[in-house]
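First, one chain by itself: the form predicted alone, in structure tokens.
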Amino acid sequence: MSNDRYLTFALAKGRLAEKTLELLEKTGITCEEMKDKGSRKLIFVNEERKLKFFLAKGPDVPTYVEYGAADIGVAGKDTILEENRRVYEVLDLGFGQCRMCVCGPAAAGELLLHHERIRVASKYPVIARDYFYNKKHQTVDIIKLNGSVELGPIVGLSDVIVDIVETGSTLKENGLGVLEEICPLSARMIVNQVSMQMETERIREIITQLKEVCV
């Protein structure tokens, strides 16, 4: 492909974007425009390296990458699993580490053990459904919540929840705990499938450089 073509990055807004840019800087890839907190720009450019960057809401990043609006994206593994887009996951960036877990009161452990039909509240219905139906082979009712899912078992809406756990302190404070771990989570780099074929050399070079600075 011509070197005149820009490679475009979609980064999840907030801490993920900040940490990604820090990593990229360690490889020599910078974007000074993005450091201007007062900027109203939506697309940021590194002319020297023919790179473009834009910020998006986490759940939108895999969509931009699947449809080719971005060649490369960085999002949490939870987002990638939940959105279930056709993209290549190429690198674990090693930050934003936490776990996706089934949580609830200790008594709910018996319901999980005996594969009883239970109600599961979660912001991540796709992940919850896949875990219970395809891995545990347990029939459950999934209830989608957008706010504090810890409320589910406390007010009797659900038996358990599926949620991200970092320290577990919020669970503990509310009489809940981790009952089962679904999978580890962290920030991941994803690539558009066509871009990977058309821009293999440039993308692999970026992946290799990032591997060297990832802790």
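If you're wondering where the values come from, they're calculated on a predicted model, not measured in any experiment. Counting begins at 1, following the sequence as shown.
Keep in mind that the form predicted in complex with a small molecule is not shown, yet the notes after this line are about it.
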item: Val45, heavy atom within 4.5 angstroms of the small molecule in the predicted complex; value: no
item: Proximity of Ile164 to the small molecule in the predicted complex, heavy atoms at 4.5 Å; value: yes
item: Heavy atom of Ser39 within 4.5 Å of the small molecule in the predicted complex; value: no
item: Touches the small molecule in the predicted complex: Thr170 (any heavy atom, 4.5 Å); value: yes
item: Residue (of Lys123, Arg129, Lys136, Arg119) lying close to the small molecule in the predicted complex, criterion heavy atoms within 4.5 Å; value: Lys123
item: The small molecule: the contacting residue among Gly28, Pro184, Gly147, Gly156 in the predicted complex [heavy atom, 4.5 Å]; value: Gly147
item: Segment that reaches the small molecule in the predicted complex - one of 61-69, 46-54, 186-194, 156-164, heavy atoms within 4.5 Å; value: 156-164
